[in-house]
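Just the one chain here, the form predicted on its own, laid out as structure tokens.
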Amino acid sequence: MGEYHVASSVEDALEKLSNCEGRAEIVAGGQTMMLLIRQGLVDPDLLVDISKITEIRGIEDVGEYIEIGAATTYAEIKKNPLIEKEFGFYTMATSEISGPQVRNQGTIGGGLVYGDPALDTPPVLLTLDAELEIQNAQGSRRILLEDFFVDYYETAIEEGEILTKILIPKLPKYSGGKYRAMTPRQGDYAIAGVCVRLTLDENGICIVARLGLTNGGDTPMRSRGAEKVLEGTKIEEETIENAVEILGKNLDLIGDIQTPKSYKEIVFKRIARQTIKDVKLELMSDA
């Protein structure tokens, strides 16, 4: 590894990145990058540490959105009362992330930029219609999270750019969600994970459905087909079964000796079915 630079500001970090003539990498919590470096898979000429930049840490209510700095740790999100109030099921999902050490060091931005389809929280943010703010030396741009994940471990972040903020729109009335995952052991990656977010109208009809999947394909993803089946209905048993079948067809799974594709599909369907029912029941009981 070459030079290690602790950035004091976003401007400072961007300047170092733009002046680097070799390979530059960004590190925040370092949970993934340091492992890749130790394994010899990455050998950057410049490593820019953005973990000390105060302007990209913290959680703030900015009106229609809750804004989360990209260098905010999972532990900070988990204990934040604003996140708990607005998006309680996102708080629940952070509890699924490995152990305390990882949650204390790992950051929301690092997990998104890494693009791992097996991470628990990106699919939850997909169900929340999150947006990202990305900066480079010329300025900033906004992108929907659903457009950010490009391919296996590949995202829309470009050379010389830094993810600075995650913006989550506040949910309308009669909205709720839940994340459920199946893991072999505590701290392992999920075999399958499903996040369901529903918004109903005053008559109990679903007007917005979002289903985010962990380990359902090459990227964190939504099951758009299942969402369309649920929207415009009162989400009865038959509707749920139709949505679950469509979700199964949306999956792009890779099997192995321990967990073949057929088993993973069964797990996804079972989790999705129960989670849809749970969210609907919770919303109807609160109405």
Ligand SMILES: Cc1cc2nc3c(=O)[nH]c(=O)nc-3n(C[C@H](O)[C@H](O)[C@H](O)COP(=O)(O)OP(=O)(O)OC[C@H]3O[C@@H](n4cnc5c(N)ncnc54)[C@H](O)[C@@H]3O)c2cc1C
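Start at 1 and count along the sequence shown; that's the residue number. The shown structure was predicted, so the numbers you read here are calculated from the model rather than taken from an experiment.
Same protein, other form: the form predicted in complex with the named molecule, not shown, and the subject of what follows.
- Residues L126, G212 and G216 are none of them found to lie within 4.5 Å of the named molecule in the predicted bound form, as judged by heavy atom distances.
- Comment: 188 to 196 is the region of 204 to 212, 188 to 196, 139 to 147, 169 to 177 lying near the named molecule in the predicted bound form, near meaning a non-hydrogen atom within 4.5 Å.
- Although the partner is absent here, N242 is not a contact residue: none of its heavy atoms lies within 4.5 angstroms of the named molecule in the predicted bound form.
- In the predicted bound form, the named molecule lies farther than 4.5 Å from every heavy atom of G248.
- The named molecule in the predicted bound form comes within 4.5 Å of a heavy atom belonging to A70.
- In the predicted bound form, the named molecule lies within 4.5 Å of some heavy atom of Y114.
- Among the residues M221, I50, I66, I235, the one placing a heavy atom within 4.5 Å of the named molecule in the predicted bound form is I50.
- With the partner omitted here, the residue from M33, I59, L46, L253 that has a non-hydrogen atom within 4.5 angstroms of the named molecule in the predicted bound form is M33.
- Of the residues in 147 to 170, those that come within 4.5 Å of the named molecule in the predicted bound form through at least one heavy atom are, in sequence order, I157, E161, I162, L163.
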